[in-house]
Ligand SMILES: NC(=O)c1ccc[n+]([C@@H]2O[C@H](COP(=O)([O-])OP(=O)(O)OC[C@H]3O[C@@H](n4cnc5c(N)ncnc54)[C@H](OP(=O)(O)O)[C@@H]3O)[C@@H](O)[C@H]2O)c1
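Take a look at this one chain, the form predicted alone, written out in structure tokens.
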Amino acid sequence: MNTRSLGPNAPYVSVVGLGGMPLSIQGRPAIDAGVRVIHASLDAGMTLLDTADVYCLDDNDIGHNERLIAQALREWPGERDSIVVATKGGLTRPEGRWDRNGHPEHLRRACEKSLQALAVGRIDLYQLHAPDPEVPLEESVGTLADLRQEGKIRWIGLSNVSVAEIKQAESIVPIVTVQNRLSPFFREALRTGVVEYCAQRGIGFLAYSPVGGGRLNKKLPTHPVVAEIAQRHGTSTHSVVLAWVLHQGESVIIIPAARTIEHTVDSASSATLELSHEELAAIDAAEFSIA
């Protein structure tokens, strides 16, 4: 599979990685089925697995997806050292909600639990899941810098951030990745300059929800522009949209999620799908309703 740099002083990874969330939240498949999806992703050439401690049902289930990935990697016959596992801290799941907690003591506890769940001595990439409006960003990022200094984190990333917040974090510690939402339905990362800034700095931009999420993805097969392009290439509308996201910047890496083997294999196919300038422009100009 084609590769791009994960970020400054980090390795190249596959341009398509796996987002692990659907394998562990409501409606998740059985453990063995989830392991098979992860194995299919790795076998398709993906070398980046993205997870988080809160990819689970609630606070009693913290670390479910991390443990699933650890199991899948133990049972996979391939080369483990070739795979980068990215996880996140800074959210909680009380009664299934998604709440922010960027306090230093929470991040430190979360990192320790992620080390245990992933069964590693050092986390490849640890990302602040989202800035906490009740905690100064420098305190949250400073904690990650301390954890890196202690050898518990190799690289630091941010998620759900603005250009100003990236710059603020960079004044404290090197930032390797930024993980924000990007799809034809949601283009704020383009409009606000986050993708452009990441490209300028060589920071890997990890595009999450690159097809807009499960509900919006179901609209794609009937989208007139995307469907026509997919038919022309003999591929899926899902793959076409993923290819469009990959074309949005030289540092963009996509992390589509999947609950089935067929879905993740289809995602992998987007890595080699070449869209023409005219096709890209047609998607740029098309309307993508979220209603």
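Position 1 is the first residue in the sequence shown; the rest follow in order. For clarity, every value in this text was computed on a predicted model and none was experimentally measured.
One more form of this protein should be noted, the form predicted in complex with this ligand, which is absent from this view; the next part is about it.
- Just one listed stretch, out of 103-111, 159-167, 188-196, 135-143, contacts this ligand in the predicted complex at the 4.5 Å heavy atom level, and that stretch is 159-167.
- Interface residue remark: P94 is not counted as part of the site for this ligand in the predicted complex, having no heavy atom within 4.5 Å.
- Although the partner is absent here, G204 sits far enough away that none of its heavy atoms falls within 4.5 Å of this ligand in the predicted complex.
- Although the partner is absent here, G214 sits close enough that one of its heavy atoms falls within 4.5 Å of this ligand in the predicted complex.
- In the predicted complex, this ligand sits beyond 4.5 Å of every heavy atom of N60.
- Of the listed positions (A258, V245, L42, L68), a single one reaches within 4.5 angstroms of this ligand by any non-hydrogen atom in the predicted complex, namely A258.
- Of the listed positions (L273, L280, A10, M21), a single one reaches within 4.5 angstroms of this ligand by any non-hydrogen atom in the predicted complex, namely M21.
- Contacts between stretch 49-76 and this ligand, counted in the predicted complex as any heavy atom lying within 4.5 Å, involve D50, Y55, listed in sequence order.
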